[in-house]
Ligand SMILES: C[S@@+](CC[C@H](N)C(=O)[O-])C[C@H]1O[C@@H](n2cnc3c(N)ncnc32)[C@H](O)[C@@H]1O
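Just the one chain here, laid out as structure tokens, in the form predicted on its own.
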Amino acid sequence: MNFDLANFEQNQTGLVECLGLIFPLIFPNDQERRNHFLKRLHEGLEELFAKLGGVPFTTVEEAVERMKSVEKWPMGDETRLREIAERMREEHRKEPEKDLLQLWKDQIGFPYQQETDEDGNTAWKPFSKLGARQAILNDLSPAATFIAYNYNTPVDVQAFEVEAKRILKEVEEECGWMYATLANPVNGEPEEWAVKLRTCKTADEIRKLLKSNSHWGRINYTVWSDVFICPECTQEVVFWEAAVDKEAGKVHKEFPCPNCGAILTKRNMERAWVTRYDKAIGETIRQAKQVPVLINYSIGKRRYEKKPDAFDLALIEKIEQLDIPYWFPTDRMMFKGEQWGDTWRAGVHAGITHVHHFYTKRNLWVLGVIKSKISISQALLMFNSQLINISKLNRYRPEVSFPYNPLSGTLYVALQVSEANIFTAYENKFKRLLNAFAKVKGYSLIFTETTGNSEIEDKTIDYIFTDPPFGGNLMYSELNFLWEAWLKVFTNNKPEAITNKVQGKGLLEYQHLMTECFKEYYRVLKPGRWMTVEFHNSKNSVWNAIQEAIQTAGFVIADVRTLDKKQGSFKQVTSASAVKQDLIISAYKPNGGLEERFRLTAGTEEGVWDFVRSHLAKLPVFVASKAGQAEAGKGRHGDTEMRGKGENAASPRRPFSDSLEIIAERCNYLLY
């Protein structure tokens, strides 16, 4: 036999001490450590094959004796072996063709099987006795499960491609004129076109008018700026013109009033307001004044920039005057309107009370046309994918090359907004979706409900990965509201596990909801299986609440480590006390045998050691380098890895080489 060691690194040097064993071992270098434990593992696998392989199951007693005879592989005490043998007998009745080795492997979740390579040699390689498993996906938000469904359901990619191209082509023919701008106009030309435009009474007339000129540029984005009032001269101050250094792409903290020269800051100015009648909701509204200040446009593949001219302003004015002949959502934010939730800010959202207020009239119109033409789920996914990027949440950031810059985790509307061309956004997303859909092969089961009350049967799940809400980090139902308004279905936020002042949920309510969820995880998870929890909150109180919820549910936390996602959330970046990296919590559900034995032996020395042995078997081995640094549980390149599809569900995933070493190093106290 041989081992598949092609991926092993051979350049590990320096003294290495292995702790966690009965007697610490010191090796001259890391490769020697590998060789030592791989040799022990090789010997153990050989003995298992020799003593259990090819031997038929007869009785429980004989199976126990056979397993007890194995010396180089940790088999557990006689009580444990008898439990395994009795389960082997039940499986033997269903599959009598299996030998003792296969029956034993099935019961303990043995992660290796023999395979023959191209040269006819036998090798032990990792496998999952469960085979490729199906995923069950769950979320409280309809928007989230809608995304999950479309990314986990096989798609006729060609049909999607035809449908998406049809929609974009038809909508551009109808609405492309909205992103037209004059390219290098001569003196007086914008004013002439503005006069012609104002005579048009319908969109059809505008479309016909603009077709008479073939030299239009295509707007990529329009920058809008807030307008303020100077406290000294009471004149309007366009923030873009007074405070922004266009060449450096930076905003000055102090700047002179362009009218009177007084030194101004954002804090000592009041906003300018506009009052208008909102026909969509039949109400007069008062909103912060914004004006277009910059247009980025293309002619062919070349890009240009200009200040909006008379034609551009007339086009925007005409769009504002016309009625949108298509449906669009007009729901009050969180069904409240003003001060809708914890994401509402007085200095940012004053006058923004309904969903459609997050969009310019031009983009809202085009979105309405696209939505009206959608007939398949995947096209609706494409539609929903850009609803934030093409809204007023898209900040103008000239120093960033990426065109879409909403502030994640918030509904923040900046002082300078970039109104993106919708067609460009969807053309780019369409290409990425084609690649994504082509990779979807299998189906998944998807639930839209609270995790605290699932419909899954007891002890049927092999592994759980959960990235639940953590305190007040993200207000999911508020952040999802724009997407869900377009989908016409909303999150039931009563069981939403967050801390939220508007919802009246504090830390105690949050902990109670999380405990119910973890209890449900515990109920459906098979004994001995694992749960991975991703945690990201800066407050110790929330961290303690999560730990207590996990343990109250019955899980045992075996490992906590960091996951550096390179790019932090808004609160991670801006808060001095925030945890800068996410934490990955690995917890397991004790197997039924341990719980029963602990119930019988609780309070005794034997019971304590039984638990210690079982728990140690779940912990990562501590490997100290010469410098004294811990290297516990790291992958080959120090990255954190989680078990994926088709791998053993009984333990978190590690690279194959690490799995071999960990099994061998634990053999003095492993209890299967």
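Predicted model, so just to flag it, every value in this text is computed and none were measured. Residue positions are given as counts along the sequence shown, with the first one as 1.
Keep in mind that the form predicted in complex with this ligand is not shown, yet the notes after this line are about it.
The contact with this ligand in the predicted complex, taken as any heavy atom within 4.5 Å, belongs to Ala497 out of Val227, Ala497, Met334, Ile219. Contact with this ligand in the predicted complex, defined as a heavy atom within 4.5 Å, holds for exactly one of Asn394, Ser141, Asn363, Gln511, namely Ser141.
Stretch-level contact check against this ligand in the predicted complex with heavy atoms at 4.5 Å: of 340-348, 167-175, 185-193, 470-478, the positive one is 470-478.
In the predicted complex, at least one heavy atom of Glu449 sits within 4.5 Å of this ligand. Shown alone here, Cys517 lies within 4.5 Å of this ligand in the predicted complex, counting heavy atoms only.
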